[in-house]
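Next up is one chain by itself, shown in structure tokens, the form predicted on its own.
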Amino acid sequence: MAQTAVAGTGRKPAPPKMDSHGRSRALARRETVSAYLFLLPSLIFFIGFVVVPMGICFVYSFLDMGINKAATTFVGFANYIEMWNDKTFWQGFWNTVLIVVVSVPAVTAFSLWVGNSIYKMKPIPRSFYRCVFYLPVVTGTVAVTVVWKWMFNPYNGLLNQVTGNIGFDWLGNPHTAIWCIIMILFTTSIGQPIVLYVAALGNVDQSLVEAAEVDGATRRQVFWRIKWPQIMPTTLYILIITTINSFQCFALIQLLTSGGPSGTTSTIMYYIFDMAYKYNRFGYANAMGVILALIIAAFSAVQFKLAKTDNA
């Protein structure tokens, strides 16, 4: 009857409303709901274990608190003011900046060079070298650190046995300790970037490479004009994760130097641990955690901006 009435009036049914992509709004709404339902488990985990703890950390940064919650008092910005005047915090800050500034470019450049070299090999040696470089990543930080600690031993260490500097304490010398930490961090950080670069180079459009070679482009020109723009997203990801890992360097320092000698290897992350679990100052530690998160966010924003400019 409804169809007869519509036919009798001579009107056509109204077409479904479309979105900007030419899809039915009802269909787009159903797809959106389905997508969020699939994301819901990860979203709950992210909110519960990332967003909520970050909010709690921010709130606790305004408190003077320890294990005894009954003695907790609100101090406002006193923790941040104390941090500004804390020489130990600034020493850890500059040590952290040194680690990041040295290790991040070194890891990225070396991984790119090794990844490009491995990609040119045949499948069997390529897989072999990928496993070799990735082995420290799956071995575990503690196991790798124990091996390095033995190598840096002043009397029985492999390094002093080879160089003939028996008795020289690499980790106990204020001039060499931080560089030993950077070197170990470098060796444990290159595995994943190398594997990522090999995969990224495998996804480069070979037709563009062949066209450039036919036009007489050199290998260097092919790499920087054709390959580099296509692997820029991978490079950005490597820069971000390497920066975060460098800022959060803790296990190496805890197991090798405990922040010494004289605080020359202490970082913000280690100082946060020291304040929280050695001096029972959780409010002050949370304030430093907030500042560390803001510093990492600032560094990441700068890297995003530079990568976007280069890619443009």
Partner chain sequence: MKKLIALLLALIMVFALVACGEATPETSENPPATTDETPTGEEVTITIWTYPIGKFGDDATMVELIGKFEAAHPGIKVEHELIDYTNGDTQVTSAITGGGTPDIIMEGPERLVTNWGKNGVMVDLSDLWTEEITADIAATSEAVVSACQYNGVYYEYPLCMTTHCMAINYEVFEQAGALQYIDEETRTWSTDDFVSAMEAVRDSGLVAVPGIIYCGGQGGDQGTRALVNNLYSGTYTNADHTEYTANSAENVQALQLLVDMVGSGALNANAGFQATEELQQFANGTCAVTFCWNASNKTNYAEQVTFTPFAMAFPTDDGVPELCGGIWGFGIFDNGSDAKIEAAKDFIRFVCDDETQAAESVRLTGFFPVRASLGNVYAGTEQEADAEEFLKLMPFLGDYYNVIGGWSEQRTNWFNMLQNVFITGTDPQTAADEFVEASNANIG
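These numbers were taken from a predicted model, which means no experiment stands behind them. Numbering follows the first chain given and starts at 1.
Another form, the form predicted together with the partner chain, is not on view; read the next lines as being about it.
Proximity of residue 169 to the partner chain in the predicted bound form, heavy atoms at 4.5 Å | Looking in the predicted bound form, residue contacts with the partner chain include residue 169, since a heavy atom lies within 4.5 Å.
Using a 4.5 Å heavy atom cut-off, state whether residue 153 contacts the partner chain in the predicted bound form.
-> Yes.
4.5 Å heavy atom contact, residue 261 to the partner chain in the predicted bound form | Looking in the predicted bound form, residue contacts with the partner chain include residue 261, since a heavy atom lies within 4.5 Å.
Closest heavy atom of residue 254 to the partner chain in the predicted bound form, within 4.5 Å or not?
-> Yes, residue 254 lies within 4.5 Å of the partner chain in the predicted bound form.
The unique member of 174, 105, 140, 233 whose heavy atoms fall within 4.5 Å of the partner chain in the predicted bound form = Of the candidates 174, 105, 140, 233, 174 is the one lying within 4.5 Å of the partner chain in the predicted bound form.
Name the stretch, out of 283-291, 267-275, 241-249, 51-59, where some heavy atom lies within 4.5 Å of the partner chain in the predicted bound form.
-> That would be 267-275.
Scan 45-67 and write down, in order along the chain, each residue with a heavy atom lying within 4.5 Å of the partner chain in the predicted bound form.
-> Result: 45, 67.
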